[in-house]
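Heads up, the chain below is alone and in the form predicted alone; it's given as structure tokens.
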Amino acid sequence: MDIRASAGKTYRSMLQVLPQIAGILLLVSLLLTIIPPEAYAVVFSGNPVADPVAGALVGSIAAGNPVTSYVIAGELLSTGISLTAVTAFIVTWVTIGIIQLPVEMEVLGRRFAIARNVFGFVCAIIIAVLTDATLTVLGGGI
């Protein structure tokens, strides 16, 4: 397949997925408007085991982009939420998307999409724990 045929196929694929992507963006924007950042403080109890899981769950549902994640992470940390919970939230916020899962399954395949999201969820919790442990050992913990 030459480059022109590949570009045409890519263009047609993007046109097919574009309405679904627009719908996801509208849904995520609606959720971000409905759920204020302060509401996340209610979810986190301070439990070192439950908070990363809660952070990963909330981040998986309320998907967003990396640029907004830094602002939200700062706000969550300033309200006293643990670094582990915030890290798990941010990693899943960017990498996991329950809302986008139907589109992801359609484009990438059901089995791959589910496996990717489950693997990403588990890795987010591990990354959060390792990040907190590393900063604690290095003396830079928050």
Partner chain sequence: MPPEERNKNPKSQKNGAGKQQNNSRFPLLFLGAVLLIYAVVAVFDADAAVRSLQAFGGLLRQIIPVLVLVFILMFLIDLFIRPQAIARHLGTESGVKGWLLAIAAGIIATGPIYVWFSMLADFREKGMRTALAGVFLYARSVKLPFIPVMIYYFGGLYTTVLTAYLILFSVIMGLLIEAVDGPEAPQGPPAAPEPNLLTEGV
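Residue numbers count along the first chain shown, from 1. Rigid core (definition): largest C-alpha set, two forms, superposition within 1.5 Å. Note that the structure is predicted; figures quoted are calculated from it, not measured.
This protein has a second form, the form predicted together with its partner chain, left out of what is shown; the following refers to that one.
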Task: One residue of 43, 108, 50, 57 in contact with its partner chain, assessed in the predicted complex (non-hydrogen atom, 4.5 angstroms) - done: 108
Task: Close approach of residue 81 to its partner chain in the predicted complex, 4.5 Å, heavy atom - done: no
Open item on the list: Taking any heavy atom pair closer than or equal to 4.5 Å as contact, tell me whether residue 30 reaches its partner chain in the predicted complex.
Closed with: yes
Task: Contact of residue 103 with its partner chain in the predicted complex (heavy atom, 4.5 Å) - done: yes
TODO: May I ask you to state whether residue 62 is within 4.5 Å of its partner chain in the predicted complex, using heavy atom distances?
DONE: no
Open item on the list: Going through 115 to 138, which residues have a heavy atom within 4.5 Å of its partner chain in the predicted complex? Please give them in sequence order.
Closed with: 115, 116, 119, 120, 123, 124, 126, 127, 130, 131, 134, 135, 138
- [ ] Determine, after fitting the two forms on their core, whether residue 16 shows a C-alpha shift of 2 Å or more between this form and the one not shown.
- [x] no
